[in-house]
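The chain below stands alone and is given in structure tokens; this is the form predicted alone.
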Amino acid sequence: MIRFDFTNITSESVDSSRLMSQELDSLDIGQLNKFFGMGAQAGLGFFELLDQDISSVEAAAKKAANFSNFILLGIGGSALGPRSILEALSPLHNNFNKPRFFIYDNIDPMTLQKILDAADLKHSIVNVVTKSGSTAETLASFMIIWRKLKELGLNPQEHLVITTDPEKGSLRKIAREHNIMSLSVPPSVGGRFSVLSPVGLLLAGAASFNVKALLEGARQMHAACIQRDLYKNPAYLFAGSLYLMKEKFGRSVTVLVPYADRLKSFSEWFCQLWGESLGKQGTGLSPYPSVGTTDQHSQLQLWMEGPNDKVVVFIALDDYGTDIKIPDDFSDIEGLGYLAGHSLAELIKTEQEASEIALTKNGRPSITIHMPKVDELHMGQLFHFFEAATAAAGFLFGINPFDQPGVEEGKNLTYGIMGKKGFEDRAAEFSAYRKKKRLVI
């Protein structure tokens, strides 16, 4: 199991902003347990994914195996989750394996053109992913792909898999009318909590990752996250610690620093989950993606001596899956010799711990997550831990961690200006904004 070290957030080594055990003991863990016990009724629909039937995912993955390219159209959680799975479990997949994966998660036209240049649609399967079935960016790229398939004389039904709501939305309607293979995202599962639904599992299956192990890891972590003892429950302890750091000491920024290139996309997935779930009603915690050791050379100075508003969360790997010895070719040169005989894994582990110690010496708090290795089982644990911790943090802050009213307003304005029926008032608002006198130099 993944292990969680809270020493540097609870000990007296963290100056006047230390979080003492009595502060944690003041949390109403009974109410948190009651909230978690409500499951989907309280918005915790991702709990239902732990025992889902994956036969439809396996069938779609089998279809994908017939193609050389897998193109995913999605944005937000519909792309960040699948990308984090791919890059964690096979970071250089496109260099060595088939199918090759292309994730189009923005509407930059140059990016789509480059994908179309690299991936012959005749040999491509396209997974269109939008929970709501109405996401403008995804629908726009879908419409382009649909037309290009037809222009090539191809049958779109043979090249498409749609992942969306089981009943509602434009894509569900299209899937039914055109008999397109489709997968369902449970209505109770929000987009940013959907990585272990068919949203992420189809790509995992298409890449020949062990989907069952991903879910088994999530189940293992879930058992820990429903413990009634605060000090045996990593999700509660993590959420409670960061909540109190914000409320008592003004530490509102959560820096996630995995010490593995393979987890860089995971830190970006975390940012959406944490930021969009908790940033409401003038409160919340701001996520900050990072990666070690790279950001020791670009950000550590800020964490050490900049605004005292951060809690750094390290992800440390026990086993990198490989290691490379540092040779002794220049051992006679001062400044190089001390490295000889050591290894890259030893060096990166030492640098992580050195950063942890340096922050602590400077009175800056941190939490360290020890991950045995990056594989399906432990990625499942990691995903479910952060989802459960996010839900718990939302409960503590007294906000709904499952909606995104700020995002919806931006979507509605886009609908209005692009001419979607029913959003004429937003179009007028947009027009008035554009007519404002502007200060431009």
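Position 1 is the first residue in the sequence shown; the rest follow in order. Please read these numbers as outputs of a predicted model, since none were measured by experiment.
Here the subject shifts to the form predicted together with a small molecule, a form of this protein not shown in this document.
Student: Looking at 240 to 248, 70 to 78, 362 to 370, 254 to 262, which lies within 4.5 angstroms of the small molecule in the predicted bound form, counting heavy atoms?
Tutor: It is 70 to 78 that comes within 4.5 Å of the partner.
Student: Counting non-hydrogen atoms within 4.5 angstroms of the small molecule in the predicted bound form, say which of 287, 191, 99, 292 makes the cut.
Tutor: Looking at the other structure, the residue within range turns out to be 191.
Student: Which one, 308, 94, 184, 272, lies within 4.5 Å of the small molecule in the predicted bound form by heavy atoms?
Tutor: After the contact test, the surviving option is 272.
Student: Heavy atoms within 4.5 Å of the small molecule in the predicted bound form: does residue 356 have any?
Tutor: Outside the cut-off, so no.
Student: Look up in the predicted bound form whether residue 135 has a non-hydrogen atom within 4.5 angstroms of the small molecule, and give yes or no.
Tutor: Contact check for residue 135: yes, within 4.5 Å of the small molecule in the predicted bound form.
Student: Though only this chain appears here, would residue 63 touch the small molecule in the predicted bound form if you measure heavy atom gaps against 4.5 Å?
Tutor: Output for residue 63 is no: heavy atoms all beyond 4.5 Å of the small molecule.
Student: Examine residue 276 and determine whether its closest non-hydrogen atom to the small molecule in the predicted bound form is within 4.5 angstroms.
Tutor: Yes, contact at 4.5 Å.
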